[in-house]
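Only one chain is shown below, in structure tokens, and it's the form predicted alone.
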């Protein structure tokens, strides 16, 4: 029987398939579709220190190549997530939980992470450093190595649980950002977040999404994600969770071959609510077809080929 289990440092997952933050709500909403305990882990909807209403509508746009979104981190705030959302999830799901954390200043990241760190139902912290930092002129933490290292160090000082930094692909040197996070003490990395894109209505000549540019995800970003996972794995040696355009078991195997220890499924959940379940069911058949006995054996095999 093929072995689907994988490890993220000391955290063991029954399989590598994780619904990506922002595409699966807080998890319990999806329990009507299938048994959530099938999943390797769940990454919660992105959470900030305080409640956020997000960007004005319209904030979703479809295109031939994928999906654009500018939700704007709409969420009820960390206290509501810990007090209400996670307990509801635990009623229908008993596996590892990943808290996805965003902020607009270093202090917000640290306080939010510390609160999740103290929550016994959270197993791993995923720090999204793709959001603007208003104290640094609106630049993103994730686009400057020094800023990435700074927020990593600050969160690590405040937390005992594993800290994985989620990286932006909108940079010229992803390896430099990843190495800065490693220097700051990161236990692992998550990549990629969305690329910047835009859709313009040909009838009006105006951008479809209210913010103009928005986060682009879907099948078209997968080659970029695979390339960046490959580079970061080689540069850091840290555990990597690969994200971007994953829709099939073959995509999971490709991402793991590049260096990912686990894989998140994002936009495909919005197209097909059963996507993660279907991928998990498909994986053993693909493993037998390709002669793979254990998924953990193929992590980074493209570097050994």
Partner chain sequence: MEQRSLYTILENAPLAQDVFRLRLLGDAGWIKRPGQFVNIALAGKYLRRPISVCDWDGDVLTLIYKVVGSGTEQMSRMAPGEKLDLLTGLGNGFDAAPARGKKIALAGGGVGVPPLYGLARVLSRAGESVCCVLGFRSHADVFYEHEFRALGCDVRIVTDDGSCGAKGFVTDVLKSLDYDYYFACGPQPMLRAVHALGKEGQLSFEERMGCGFGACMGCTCKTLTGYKRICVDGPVLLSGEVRFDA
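Residue numbers count along the first chain shown, from 1. In this text, all values refer to a predicted model and were calculated from it rather than measured experimentally.
Missing here is the form predicted together with the partner chain; even so, the following discussion is about that form.
Given the stretches 233-241, 272-280, 253-261, 35-43, which is the single one in contact with the partner chain in the predicted bound form, using a heavy atom cutoff of 4.5 Å? Flagged stretch: 272-280.
Should residue 208 be counted as a contact of the partner chain in the predicted bound form, where contact means heavy atoms within 4.5 Å? Output for residue 208 is yes: heavy atoms within 4.5 Å of the partner chain.
Mark residue 218 yes when one of its heavy atoms lies within 4.5 Å of a heavy atom of the partner chain in the predicted bound form, and no otherwise. So residue 218 counts as contacting the partner chain.
Heavy atoms within 4.5 Å of the partner chain in the predicted bound form: does residue 74 have any? Within the cut-off, so yes.
Would residue 19 count as a contact of the partner chain in the predicted bound form, using a 4.5 angstroms cut-off between non-hydrogen atoms? No, no contact at 4.5 Å.
Would all three of 24, 53 and 62 be in contact with the partner chain in the predicted bound form, where contact means some heavy atom lies within 4.5 Å? Contact check passed for all of 24, 53 and 62.
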